[in-house]
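Just the one chain here, the form predicted on its own, laid out as structure tokens.
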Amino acid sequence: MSDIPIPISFSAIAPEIVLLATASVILVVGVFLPGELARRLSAAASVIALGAAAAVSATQFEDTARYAFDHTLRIDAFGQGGRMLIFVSGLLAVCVAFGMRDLRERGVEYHALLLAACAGMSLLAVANSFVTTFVALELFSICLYVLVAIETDDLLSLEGGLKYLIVGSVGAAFLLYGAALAYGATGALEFDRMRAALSHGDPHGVLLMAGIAFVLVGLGFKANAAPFHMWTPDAYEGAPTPVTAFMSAATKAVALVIALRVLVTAFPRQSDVWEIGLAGIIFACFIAGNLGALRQSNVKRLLAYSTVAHSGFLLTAVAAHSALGGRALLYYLTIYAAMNVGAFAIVAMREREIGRPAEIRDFAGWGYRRPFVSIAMVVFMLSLAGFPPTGGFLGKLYIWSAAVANGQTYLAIAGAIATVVGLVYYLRVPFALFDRDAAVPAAARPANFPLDAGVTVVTAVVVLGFGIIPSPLIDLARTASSSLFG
């Protein structure tokens, strides 16, 4: 055994230190403060901590890629890009939740769990070892299980949390077993060392192929990919809407980032096999997501099935496993996070007005009462559907270009067909908002929601701005992708 000391780089885990330290302080201090003051201070501390973590990642974005903690972490621009998406999503979730009456009694717990979940996701985004991957995945998963079921008086919340816990545990078991099989085939747990071990000998051994298959299944659970999506509609519907917004953006981002990192770093020689597996999952996402969304009247469930369908688009970029695919993935993940958080923020506003879960009919004529917010909702729905000049349109074109360049034209065709089908349910919300013949539904508790409105404005500007002028975001995505693909 070598006596050479392993260098410790605290800068590599600086965002996690900031977030976990703040979460611990919030929990301790919250015990000694009155409820409303504790909630407000915990929200402020969360905003500061998430902003600081994002700033740290931004300062390291263009640094030379390096390994830390004996190759268990790889600090590069690709991981830092994923980190910043997570932190911004968490910050927006804090803003959306601030005025929600149902979360006021549990404000301290909500913010502490949110920060801990962000820390776990951040660690996962730069993981270079299956041990780190599993630990980080369990850290944020446990926090999300509790956040989904945090409304203990709501049976839907408890049901969603229980389903998420059971199915998420199964997914984690698949990932752990797959990592064990891959270790048996390579004798390593670090992704780069696995690739080195597989550079000689049979690249398609039975043990290794089984390990890769189990790893794909485990990551598929976390990415809301079909046929592993069965928990998604119930968890999204039952969770408090700010939690749903955070999950739809941050969980998806980190799952796709780690999936691409694992496949291109550890198993590039096996791409001819896992491309086929990913293609099957992509087709399943398009079918299950679109067919499920067509039957929904509850807006949160509709958006939940939408995330399943969008897993197909995002996994298409992963299947391309190229620098162009990496750029397309990060570009679309940014747009996807913005349009989902913005859409759920508007759903939260409507739910607070009517005092119950929002159906599509509850938005009928609402555009004439809240025109600016409703226009933002139209932008989000059109972007999800892939209409120009939104970022969703350009993101899909970018992903399809990567697929065609990699000889996977069939995935681009399948995505185009899925986009056409998606128009049927995405356009139902805009048509309802500005239906002149509909009676404007009464609001049980009319009020102003400045933070929610601010979130919708910011996210709508991102979706439209990067759709019309995409070059700044594409340049950042190019830098991040280059750090992974070289």
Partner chain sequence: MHVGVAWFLGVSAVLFGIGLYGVFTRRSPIILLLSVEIMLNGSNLALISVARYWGEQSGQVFALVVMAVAASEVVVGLGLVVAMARRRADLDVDSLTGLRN
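Residue numbers count along the first chain shown, from 1. The structure presented is a predicted model; accordingly, all values stated were derived computationally and were not measured.
Beyond the structure shown, there is the form predicted in complex with the partner chain, which is absent from this document and is the topic of what follows.
Engineer: Check residue 272 for me: does it contact the partner chain in the predicted complex (non-hydrogen atoms, 4.5 angstroms)?
Structural biologist: Outside the cut-off, so no.
Engineer: Would you check, heavy atoms only and a 4.5 Å threshold, whether residue 353 touches the partner chain in the predicted complex?
Structural biologist: No - in the predicted complex, heavy atoms of residue 353 and the partner chain never come within 4.5 Å of each other.
Engineer: Is there a heavy atom of residue 280 lying 4.5 Å or less from a heavy atom of the partner chain in the predicted complex?
Structural biologist: No, residue 280 stays farther than 4.5 Å from the partner chain in the predicted complex.
Engineer: Can you check whether residue 238 is within 4.5 Å of the partner chain in the predicted complex, heavy atom basis?
Structural biologist: It does: once the partner chain is placed as it appears in the predicted complex, residue 238 has a heavy atom within 4.5 Å of it.
Engineer: Looking at 124, 373, 260, 179 here, can you tell me which has any non-hydrogen atom within 4.5 angstroms of the partner chain in the predicted complex?
Structural biologist: When the partner chain is considered in the predicted complex, the option within 4.5 Å is 179.
Engineer: Within 4.5 Å of the partner chain in the predicted complex, counting heavy atoms only, one of 337-345, 245-253, 86-94, 138-146 shows up; tell me which.
Structural biologist: Partner-contacting stretch among the options: 138-146.
Engineer: Along 157-171, which positions have a non-hydrogen atom within 4.5 Å of the partner chain in the predicted complex?
Structural biologist: Stretch hits, in order: 158, 159, 160, 161, 162, 163, 165, 166, 169, 170.
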